[in-house]
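What follows is a single chain, given as structure tokens, in the form predicted alone.
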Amino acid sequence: MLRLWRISLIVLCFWFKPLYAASAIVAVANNFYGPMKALNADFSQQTEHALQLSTGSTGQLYAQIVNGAPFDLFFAADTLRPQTLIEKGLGSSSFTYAQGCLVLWSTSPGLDLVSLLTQQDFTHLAIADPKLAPYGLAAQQSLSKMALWQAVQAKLVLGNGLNPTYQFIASGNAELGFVAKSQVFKQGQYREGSVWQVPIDYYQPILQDAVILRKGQNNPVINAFINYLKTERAQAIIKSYGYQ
């Protein structure tokens, strides 16, 4: 009888646990998708809440929000779109959660990427569309700083965000390209290939803001997650991907 009672108690605990958990839908810019998955896994363990993630370029996600996408929170790769959403009455407040770094990356190891770039010894160079992705704009600014923007026009391959840009390079369709450091850096080291971290004075600082959207203003999961982001364990996860 006692054994049956214990089994029943375990079943009831398992049954009622989801009633105390809640969820939120979060739109995440491509560059922060990997870190956000790691943060979400840790957040779920700490609080039993869950985030549903949707990713794309900052420009694509912004357009979806303006057209009624049911997101609670938006992690952009710039400060402009969150501020514009607030001005449009679609968001309530914003905060800076990271500063990103731009890198030039190739899957082939041992390459002098700066020499390849300046001598234009390649067939295709991948960058994210500067109109959609802040990292694409940073790549354009860096190439202009190096007086190469016009020279590489015929060799450019534009991705509709950082994930497609990464795939161009990873698949070998472009020998090299500009991506976010967070895409090729984890646990204090670059994962593969050759990397050149672009000097930060070559492009405008990539300050990344998040904004609480109208739908998420009364969602307790949003407040819980924002408080979680302030913890040392969350900050350690973010920095492990190379953010400043």
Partner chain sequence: MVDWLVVATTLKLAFIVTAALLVIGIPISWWLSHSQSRFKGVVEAVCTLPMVLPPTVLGFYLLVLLSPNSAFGQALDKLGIAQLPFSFAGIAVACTIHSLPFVIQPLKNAFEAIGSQPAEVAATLRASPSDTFFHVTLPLAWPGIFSASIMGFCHTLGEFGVVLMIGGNIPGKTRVMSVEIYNYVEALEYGKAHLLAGGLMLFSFASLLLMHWVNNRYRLRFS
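Everything quoted here is computed from the prediction, not taken from an experiment. Residue numbers count along the first chain shown, from 1.
There is also a form predicted in complex with its partner chain; it is not shown, and the following applies to it.
Practice item. Counting only non-hydrogen atoms, choose the one of 166 to 174, 69 to 77, 144 to 152, 109 to 117 that falls within 4.5 Å of its partner chain in the predicted complex. Key: Single hit among the candidates: 166 to 174.
Review point. Is it true that Gln60, Ala63 and Asn160 each have at least one non-hydrogen atom within 4.5 Å of its partner chain in the predicted complex?
Key: Yes.
Check your understanding: Hey, in the predicted complex, does Ala98 get a heavy atom within 4.5 angstroms of its partner chain?
Key -> Flag for Ala98 set to no.
Review point. Even though its partner chain is not shown here, does Leu102 get within 4.5 Å of it in the predicted complex, heavy atoms only?
Key: Close contact is absent here: in the predicted complex, Leu102 is far from its partner chain, nothing within 4.5 Å, heavy atoms only.
Review point. Within a 4.5 Å heavy atom cut-off, is Ala138 in contact with its partner chain in the predicted complex?
Key: Judged by the heavy-atom cut-off of 4.5 Å, Ala138 is well away from its partner chain in the predicted complex.
Check your understanding: For the stretch 115 to 140, which residues lie within 4.5 Å of its partner chain in the predicted complex by non-hydrogen atom distance?
Key -> The stretch touches the partner through Thr123, His124, Asp129, Lys131, Leu132.
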